[in-house]
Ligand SMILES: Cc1cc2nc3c(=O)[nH]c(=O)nc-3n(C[C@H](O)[C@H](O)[C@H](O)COP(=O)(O)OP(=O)(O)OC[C@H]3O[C@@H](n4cnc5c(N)ncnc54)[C@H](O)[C@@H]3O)c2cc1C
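The chain that follows stands alone, in the form predicted alone, written as structure tokens.
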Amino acid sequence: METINYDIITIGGGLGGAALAKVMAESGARMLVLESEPQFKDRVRGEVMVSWGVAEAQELGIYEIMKSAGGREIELEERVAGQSGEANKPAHRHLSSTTIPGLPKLTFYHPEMQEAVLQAASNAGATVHRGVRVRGLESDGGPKIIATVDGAEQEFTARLIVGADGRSSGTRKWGGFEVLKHQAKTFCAGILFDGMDSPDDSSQNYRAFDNGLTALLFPQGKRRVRAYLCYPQAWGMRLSGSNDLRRFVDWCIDAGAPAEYYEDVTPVGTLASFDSSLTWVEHPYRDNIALIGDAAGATDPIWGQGVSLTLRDARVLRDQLLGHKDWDKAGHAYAEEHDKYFTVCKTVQIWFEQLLVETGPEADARRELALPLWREDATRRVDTFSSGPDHSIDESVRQRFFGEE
């Protein structure tokens, strides 16, 4: 069997793997991308990149590629929260003037974005194989991959293997990384709609505190909208397929979304739900294997951080590889930096979950204390989800968030 050597092999050619392959190929690295899907499919998530993720995309030189592939800049954000059935006042935000990066968010259709960035990696000189089945990874004596490519078994070696293969990462398993988990209290369902008459220039967020429902709308232009619904796992249902579409719409309305938005919509694709539990690996580098994106750490998609975290991982790993001749040191430096910003995202997510998602008397008491203070001073809220995780999460920050100081 012929053995082919590269500098870096990414297992997974989605947004993270493709972005890393592009920038490292442009820097002269011999890059190989092994992607399992001959054609990317709609996975009903990953449709929004928040402002701090836009900054990461610009740093990687892929933002204009994403815009040209159908990405839509969204300057405005609208949030409506309160008890279900009440006429709750919306809060409006202009992202470019209120976030630390001073940038909008970007909405897009994920498969088209993956194709565009992967093509850019190929154009930069990376070798890309599609429809690949990776059969295993060995790290003794240098990392080696055995994979089936075009029906034939091949062997590849590299200085560095990068697992960019998602929440169910095979690279993570083969590398012996331990997966930690914070069990979510919600499922997240999503579907793409045509013909929705919601605002085309802003994202929409509706949350009902008493029933634990959150409805999210992200416009993609020409009345096409990605709609999400987060609902309690305790209800014992997992919405899926056309038979649950009516219940999906009803629960979105129960969350506070206007019923008229859904009156004349046409579903595009299939309604699907997924587990929104938070999973992560501490120090996602060992033995010449690095993990990025969801393979390294996946947050609850209700907070919209997944794409931005993936691109930061790719950018930080790039910076460390270009800054160190010793790539083992670079890998450890990347993992240390990843742990810092992912811990901020993880911690703040749990805070928001306790305050805005949980139901019951204790959660109501937390909201009664904190939310009036938020209205008086918006900095108490901590702007991690739009401005980024580059801030402290010490006890004083936590106390201000919950109004406990």
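No experiment lies behind these values; they were computed from the predicted model shown. Residue positions are given as counts along the sequence shown, with the first one as 1.
There is another form of the same protein, the form predicted together with this ligand; it is not shown, and what comes next is about it.
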property: Within 4.5 Å of this ligand in the model of the complex, all of 110, 164 and 274 (non-hydrogen atom); result: yes
property: Partner-proximal stretch of 86-94, 325-333, 290-298, 254-262 relative to this ligand in the model of the complex, 4.5 angstroms, heavy atom; result: 290-298
property: Option touching this ligand, based on a heavy atom within 4.5 Å in the model of the complex, out of 62, 31, 54, 34; result: 34
property: Touches this ligand in the model of the complex: residue 186 (any heavy atom, 4.5 Å); result: no
property: is_contact(residue 137, this ligand) in the model of the complex, heavy atom dist at most 4.5 Å; result: no
property: Heavy atom of residue 40 within 4.5 Å of this ligand in the model of the complex; result: yes
property: 4.5 Å heavy atom contact, residue 15 to this ligand in the model of the complex; result: yes
property: Sequence-ordered residues of 108-140 touching this ligand in the model of the complex, heavy atom within 4.5 Å; result: 110, 114, 132, 133, 134
